[in-house]
Each structure stands twice: as C-alpha cells, then as structure tokens.
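Before any questions on binding or motion, here is one chain by itself as structure tokens, the form predicted alone.
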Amino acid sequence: MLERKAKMWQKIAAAAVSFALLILIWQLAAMNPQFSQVMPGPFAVLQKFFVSFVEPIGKNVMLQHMLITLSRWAAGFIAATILGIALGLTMGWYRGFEAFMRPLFELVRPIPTLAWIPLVILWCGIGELAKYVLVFIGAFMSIVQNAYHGAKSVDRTIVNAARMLGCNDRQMFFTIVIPASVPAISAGLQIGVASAWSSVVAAELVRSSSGVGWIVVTGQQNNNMTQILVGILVIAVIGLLLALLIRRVEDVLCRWNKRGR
C-alpha cells in the first residue's frame, strides 16, 4: 500500500513538473515581441479562461458552452456504446451473424469521421441531429471492434466446460461471453471517448452557434488568438477528464483483471 502511494505521488510530481516546464517555456517565448504578436502568454490565456465563466463569449458563459458540448457528446457516445457493444458481441459470438455483418463492417470501418461530414449534413441538415450522428460514428467503430475481439477471445476451455454442463448459447452469451469481454470493451470505450470528443468538436467547428468548438472557430474569425487558445485549453481539459472517468469505470469493472500501472 505504501509503495503504491509513493508511486502515485511520484507520478503527480512528475506531471506537475512537466506542466510547470511547459508554462515556463511558453512564458519565456511570449516575452519575445514578435512571438507575442501571434501567441499570447499563458497567464493571459488563463486569465481569459477564468473571466469567461463570468463574462459571456457570444450568448453564453464558458460553463454553458461546456455543458452544451458535453450534452452533444453524451447523446452520441451513449448511443454508440449501447449499439456498438451489442453489435460487437453478437458478431463475435454468433458465426452466422459474423459472416453476414463483418465484411460490411470492415468496409466501413476505415472511413474517417471527417469524411462523413458532407453526407451527414445532406442527410441530417446542420442542426443538432447532425452533431449527434457524427459523434455516434466517431465512437461506434472502435467500440464494435473491441467488443468483437473480446467475444472472439473468450477462453474456449471455459466454453467447452459450460457446454458439458448443459449451457445453451444464450446462457453462455450472458454468463460467460459478456463478463469475459469487459476488459476489451473497456479498451474500446477508452478509444471511443477520445474519438467521440474529437468528433463533437469537429462538428461544432463546421457549423454551430455555441459550444467549445464554436469558441475556437469564432476566435479564428475575429483573429482573437487568446480566445482560440482558451477554447483549445477547455477542449484538452475536458478530454482528459473524460478519459480519466472512463479509466475509473474500467478500474471498477475490471478489478479482477487490473494491469500494473
């Protein structure tokens, strides 16, 4: 226990030093007059960041922009999680369904989310539905892929033993396949969180009137580098927090399968 706490504090100290070093280098660079014309210093960005929670950017303060973007992300990601896990596990366990679905999935899987934007706009318009669909696409493929491999990698010794005890396919699917696939599903969710977050920001950059992506693109239109960096900072922080949240969920669900970190 003491050794684990010591390692944790070492990681925290190393992270603090790396962030401090980044801010120091950034501030030293910002002291150069030529550099400061195109890149404000870290303290100016942080000041604007905290002020934006009181003074609105556009029609909303920063917290409202964050909640709007998170609601778009959550809608698409939750739908992708439910459908992706269901499709991946079913495709990995039932051979007939795998033979039918996997060729189509492998054809669509390499297409990047950005390539879907023109089609999604044509199908769904430029409203909220288009953003939900893009987030869904961004997360769906990685979740399906990992759930599929989780189901395919179930220990056949356990499966054969369950068959000998009289379990049918449905019983084995719910009592053996799903629990054994949880680590792989968790890995897929880790990737899906990042992909979905990137997708919602990209969707807001294309067309939006609110959200953290809108903050960045509006800053570009107004040639406001400080606002652009504030938006990028918010995107980075929320993305990190979402990744840590999913990692925490993984730790809870996979206590029996913890990896050494």
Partner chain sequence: MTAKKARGKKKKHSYIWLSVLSVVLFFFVWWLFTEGSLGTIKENVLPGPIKVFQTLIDKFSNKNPDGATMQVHLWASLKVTLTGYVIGCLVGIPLGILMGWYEKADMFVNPIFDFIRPIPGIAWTPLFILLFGIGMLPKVIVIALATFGPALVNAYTGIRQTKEVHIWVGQTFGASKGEILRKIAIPSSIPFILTGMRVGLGVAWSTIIGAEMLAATAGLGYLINLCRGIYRPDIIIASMICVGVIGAALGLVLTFLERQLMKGGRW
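Numbering follows the first chain given and starts at 1. Remember, it's a predicted structure, so these values are computed and weren't measured experimentally. The term rigid core refers to the most C-alpha atoms you can superpose between the two forms while keeping them within 1.5 Å.
Here the subject shifts to the form predicted in complex with its partner chain, a form of this protein not shown in this document.
Interface residue remark: N60 is not counted as part of the site for its partner chain in the model of the complex, having no heavy atom within 4.5 Å. In the model of the complex, none of the heavy atoms of L67 sits within 4.5 Å of a heavy atom of its partner chain. Contact check for L114: a heavy atom falls within 4.5 Å of its partner chain in the model of the complex.
Mapping the unseen interface onto this chain, A74 falls outside it, with no heavy atom inside 4.5 Å of its partner chain in the model of the complex. Taking the partner from elsewhere, no residue among P33, A44 and L245 has a non-hydrogen atom within 4.5 angstroms of its partner chain in the model of the complex.
Contact residues in stretch 190-211 (any heavy atom within 4.5 Å of its partner chain, taken in the model of the complex) are W197, S198, V201, A202, L205, V206, R207. Once you line up the core between this form and the one not shown, the Cα of L240 stays within less than 2 Å of where it was.
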